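The chain below stands alone, shown as structure tokens; this is the form predicted on its own.
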Amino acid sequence: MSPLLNVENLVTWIASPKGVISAVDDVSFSVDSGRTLALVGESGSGKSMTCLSVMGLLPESGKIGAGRIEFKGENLLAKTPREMERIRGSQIGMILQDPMTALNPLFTIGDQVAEAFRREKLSKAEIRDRVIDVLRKVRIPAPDKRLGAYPHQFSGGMRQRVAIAINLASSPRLLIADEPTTALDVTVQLQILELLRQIQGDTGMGMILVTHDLHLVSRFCDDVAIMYAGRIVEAGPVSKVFNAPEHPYTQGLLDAVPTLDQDAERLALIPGNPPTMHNLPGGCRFEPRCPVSLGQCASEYPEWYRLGQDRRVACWQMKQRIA
């Protein structure tokens, strides 16, 4: 059975005053129906740009340089702008980081959710019933009485639920959530992700969760792809990657996560800083910060090494371990 979304060797260029950079460089991954893939990495690693590439929502300075993006077996890069407009929202939804930027402060909640139904030949009463129903699904209290409310009259958690409702109104097959809980407190974060997980179980939609919170990944995601400087360095099922990380960057991220049973005066950290996309190392991009780099790491980007059918790692250390 083919995956719901399959991205192969994706390259996304961004023009900047200093020249053209590869914000996404040779990225490949897939998402199956009913499963959640986490894209994890530091800020600037290319997570959001990867999602915008899938959605066809790159900025004017952006361009797909190479690769293939297949959704339900169809190549999205071959679609016209009009065809992509029909796919966005109806088949692929995207929840943004800040719910206040996703909602228009000048329109009521009811009007904004109703927009998804206005393309259908429905009466005003039918649209209203649909809006109330989808707001009820995302646990908005007394939705029939909140239709005339404006975004500023809702809490951050409630606004994010409305943003989810807008995306779920058309029953998308794939939902992309770009750090949907960043501005929310921990309790509300868990409520939002529990809600998404429950809706996913009811509908079977696939989901991509962009985050830097490894606790949320371990709790809510099935698969994970670790990104660094525009590339994926390790990918596989969350349980396998987190229990036995192979790439030094993945190991560093997990070591830096505080735990209740950790007895240490200071948290572990990854030395140095990520490279700028205008001045990338000649070989492995993590090499300047890597505690176990080999001679060829500085001059050659590592090949992919597979561990079984569902795990892959881009690290020269794997050549020695597998041999």
Partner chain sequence: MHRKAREPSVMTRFIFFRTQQALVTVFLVTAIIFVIIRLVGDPTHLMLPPEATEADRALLRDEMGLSDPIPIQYLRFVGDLVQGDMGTSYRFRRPALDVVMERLGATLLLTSLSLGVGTLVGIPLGVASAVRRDTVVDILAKGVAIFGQAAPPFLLALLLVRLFSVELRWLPTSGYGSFSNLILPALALGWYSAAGILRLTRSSMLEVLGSEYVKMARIKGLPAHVVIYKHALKNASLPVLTFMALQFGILMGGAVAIEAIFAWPGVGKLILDSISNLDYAVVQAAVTVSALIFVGLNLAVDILYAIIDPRIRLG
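Note that the structure is predicted; figures quoted are calculated from it, not measured. Numbering follows the first chain given and starts at 1.
Note that the form predicted together with its partner chain isn't included here; everything after this is about it.
Looking at 47-55, 32-40, 286-294, 271-279, the stretch with residues near its partner chain in the predicted bound form, meaning non-hydrogen atoms within 4.5 angstroms, turns out to be 47-55.
Its partner chain is not shown here, but in the predicted bound form it comes within 4.5 Å of a heavy atom of E115. Using a 4.5 Å cutoff between non-hydrogen atoms, L106 counts as a contact of its partner chain in the predicted bound form.
Using a 4.5 angstroms threshold between heavy atoms, A102 counts as touching its partner chain in the predicted bound form.
The closest heavy atom approach of G148 to its partner chain in the predicted bound form falls within 4.5 Å. Contact with its partner chain in the predicted bound form, defined as a heavy atom within 4.5 Å, is made by none of V241, E303 and M318.
Contact annotation: of the candidates T187, Q153, N75, Q198, the single residue with a non-hydrogen atom within 4.5 angstroms of its partner chain in the predicted bound form is Q153. Checked against its partner chain in the predicted bound form, the residues L96, I127, M158, L216 give one hit for a heavy atom within 4.5 Å, which is L96.
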